[in-house]
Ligand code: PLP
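This document opens with one chain alone, in structure tokens, the form predicted on its own.
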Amino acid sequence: MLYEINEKIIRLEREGREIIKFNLGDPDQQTPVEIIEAAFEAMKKGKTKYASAAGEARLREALAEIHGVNADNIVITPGSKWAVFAAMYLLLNKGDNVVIPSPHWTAYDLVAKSLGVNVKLIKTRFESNWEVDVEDLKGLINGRTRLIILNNPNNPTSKVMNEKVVEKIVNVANERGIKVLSDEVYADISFVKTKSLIEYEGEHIVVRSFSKTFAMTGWRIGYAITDKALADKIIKLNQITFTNVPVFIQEAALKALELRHQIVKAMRECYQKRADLANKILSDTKLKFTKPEAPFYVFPKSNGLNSEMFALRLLDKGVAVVPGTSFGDYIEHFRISLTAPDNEIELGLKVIAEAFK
């Protein structure tokens, strides 16, 4: 359905239609100019050669200091998606299974299925504030379960997981010898405190990215934080695939870290205003939704809605959203991504609101 919507957007734009794109989780802000200049300077200095598959030492050390780990626990990857793939590729074998709370980013189950791994979904619900039922999780675990994947904060709900629930999940995993992978790409710009998996007991995997925090989606740089044994395996996989993330991009990432406090503050304030606007406009409708706790999604529900048909009809009105079926068994939900210019966001939200008065 995502592809069908994208194709229709392309067709409508070729016809001269203007589309407000709430369908992509891609920040509309430009990468800060200081970051761009750092990459340019690095290229002019000749930092365009092969380099370490682990990532540049200075970048890994800077990240290690931020996260309170050793630099040997960090591997630089071409975006967080590769870090997720690498961990799954190295930890899972055909016939194993992975447990994932849903709604979920579909890359997780698509990667698993490509590896011949069975996916077991824990369905969470708006009515229970999207909380994972740990007893449901226990019921899905068996002798072939090797991995539990958490997305905290969550895409598409923008919900931050309850710390006590995460602790219970980690305890279950530790007791049964299962790894937990926590995808935390929205954590740095969350509106509420988001406790990282790093702060819990056990040797697990945390995946983070520069994409959302620093408006660097197209730069393709992220990283994994894990135990040294798995980190070394990821490095070897990097060596036989993409070799290394370009050094000039890593230099840009270093500059991003230098400026992270001011950039994060500005990003968070921008998306908090947008979330507040969405909450204000959509609260005056029949839609039900949880207030976003992190950028930059809203995942509203309307009883009896066929979100696939709705998304196509809404596109005819010039607004693109993603049906809830793209994230699991959520036909009555749809996802709004607040990543368009501010004036378009208000206009687009009002078009959606009008449909649910």
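Here the structure is a predicted model, which is why all the values come from computation and not from measurement. Numbers for residues come from their place in the sequence shown, where the first is 1.
The same protein also has a form predicted in complex with this ligand, omitted here; what follows describes it.
Contact test in the model of the complex: residue 185 vs this ligand, heavy atoms, 4.5 Å: Within the cut-off, so yes.
Residue 260: touches this ligand in the model of the complex, heavy atom cutoff 4.5 angstroms: Residue 260 lies outside the contact set for this ligand.
Distance check, residue 255 to this ligand in the model of the complex, heavy atom within 4.5 Å: Although this ligand is absent here, residue 255 would stay clear of it in the model of the complex, with no heavy atoms inside 4.5 Å.
is_contact(residue 120, this ligand) in the model of the complex, heavy atom dist at most 4.5 Å: Heavy-atom contact with this ligand at 4.5 Å: absent for residue 120.
Contact segment among 131 to 139, 101 to 109, 192 to 200, 244 to 252, judged by heavy atoms lying within 4.5 Å of this ligand in the model of the complex: Heavy-atom contact with the partner occurs in 101 to 109.
Listed residue that, although this ligand is not shown, lies within 4.5 Å of it in the model of the complex (heavy atoms), from 268, 220, 233, 168: Going through each option in turn, the one that passes is 220.
Sole residue of 124, 80, 157, 213 within 4.5 Å of this ligand in the model of the complex, by heavy atom: Contact with this ligand in the model of the complex is made by 80 alone.
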